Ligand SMILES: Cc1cc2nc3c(=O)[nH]c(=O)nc-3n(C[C@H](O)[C@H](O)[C@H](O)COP(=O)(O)O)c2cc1C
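For reference, the chain that follows is the form predicted on its own, supplied as structure tokens.
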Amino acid sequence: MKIPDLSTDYLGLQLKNPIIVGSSGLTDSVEKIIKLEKMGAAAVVLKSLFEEEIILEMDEKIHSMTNRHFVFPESMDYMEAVDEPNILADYLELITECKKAVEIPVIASINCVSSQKWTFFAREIEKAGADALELNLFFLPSDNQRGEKEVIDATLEIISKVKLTVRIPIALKISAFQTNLIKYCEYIDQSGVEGLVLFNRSWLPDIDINQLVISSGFVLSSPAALGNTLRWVSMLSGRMNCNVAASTGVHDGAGLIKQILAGAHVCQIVSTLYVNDLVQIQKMIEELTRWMTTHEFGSISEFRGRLSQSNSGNPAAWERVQFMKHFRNFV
């Protein structure tokens, strides 16, 4: 049998395989991204800019200008010439330089919780040459000031303002902490975004029992985190017009294959590269190739979604939340 075709499509982009390196410290420089491409990554999501960073830098520069003796439209050029650390200009330069250095798609990323003031920067990202934009949304489940309707309204407002600003494809990376996740995703899909990424990974606290302080822990995901993403990818497969990307818990070729069988178009990986080094990308590609050859699949599309909720023949299995059936006799 000939070598299987690993190519896939995501956000209207043609990728050589379904492995994307997610937003992280692994994607914050041209040199690192060149290495990722050499290892086989099909695309990268740049390390995120935060909405607060964009607003803060703009507010500081505008305040600086208004305190000067001249204020006229051309003074906006000053913002590009200030000899100070410039997070926004550096980010745009990273996009531009990456597009010169690599052939794989470069996806920009903004971490946001509102549509206030920052959305203009999406246009600058497009001008710099980004192939797509990932909006990383996270609404705290502890925020009792926002109900389900408020979260949906805020999400749709962000999408609407950004889509009015750019023509490049947009993906939304969301949290699993939603009152009605399926309905929430349906609203997102109806808004016209091209992709949905399940799920973002939030900072998790830990407790240092020796120092008796709250500390940072559980920074990296583990393979055990695969199940939750797998469930929702499967349940959304066939319901969405947009592409679905799986993120969190994909650590090896088996996890990659499972997510595609559940219906994912691509998988974003990060933690496994920190644990196993960048060579893990090649290992996952090799494992996917061997598996497809063994099962006589010539392309990704031949088995994508084959075991999704709508295609598995046992849809209830994806909705089961109790252990009783499986662990009744567990001792």
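Note that residue numbering follows the sequence shown and begins at 1. Computed from a predicted structure; not experimentally measured.
Absent from the display: the form predicted in complex with the named molecule. The rest refers to it.
> Using 4.5 Å between non-hydrogen atoms, is Gly22 touching the named molecule in the predicted complex?
Close contact exists here: in the predicted complex, Gly22 approaches the named molecule to within 4.5 Å, heavy atoms only.
> Using 4.5 Å between non-hydrogen atoms, is Lys47 touching the named molecule in the predicted complex?
Contact with the named molecule, yes.
> Whether Ile269 contacts the named molecule in the predicted complex should be assessed with a 4.5 Å heavy atom distance threshold; does it?
Answer yes; at least one heavy atom of Ile269 falls within 4.5 Å of the named molecule in the predicted complex.
> Is there a heavy atom of Ser109 lying 4.5 Å or less from a heavy atom of the named molecule in the predicted complex?
Ser109: yes, in contact with the named molecule in the predicted complex.
> Is every one of Trp232, Ala254 and Ser308 within 4.5 Å of the named molecule in the predicted complex, counting heavy atoms?
The answer is no; none of Trp232, Ala254 and Ser308 reaches the named molecule.
> Where, among 197-205, 176-184, 237-245, 118-126, do residues come within 4.5 Å of the named molecule in the predicted complex by heavy atom distance?
Of the options, only 197-205 has residues within 4.5 Å of the partner.
> Name the single residue among Val219, Leu164, Val213, Ala224 that comes within 4.5 Å of the named molecule in the predicted complex, judging by heavy atoms.
That would be Val219.
> Where, within 272-303, is there a heavy atom within 4.5 Å of the named molecule in the predicted complex? Residue list please.
Residue within 4.5 Å: Tyr274, and no other.
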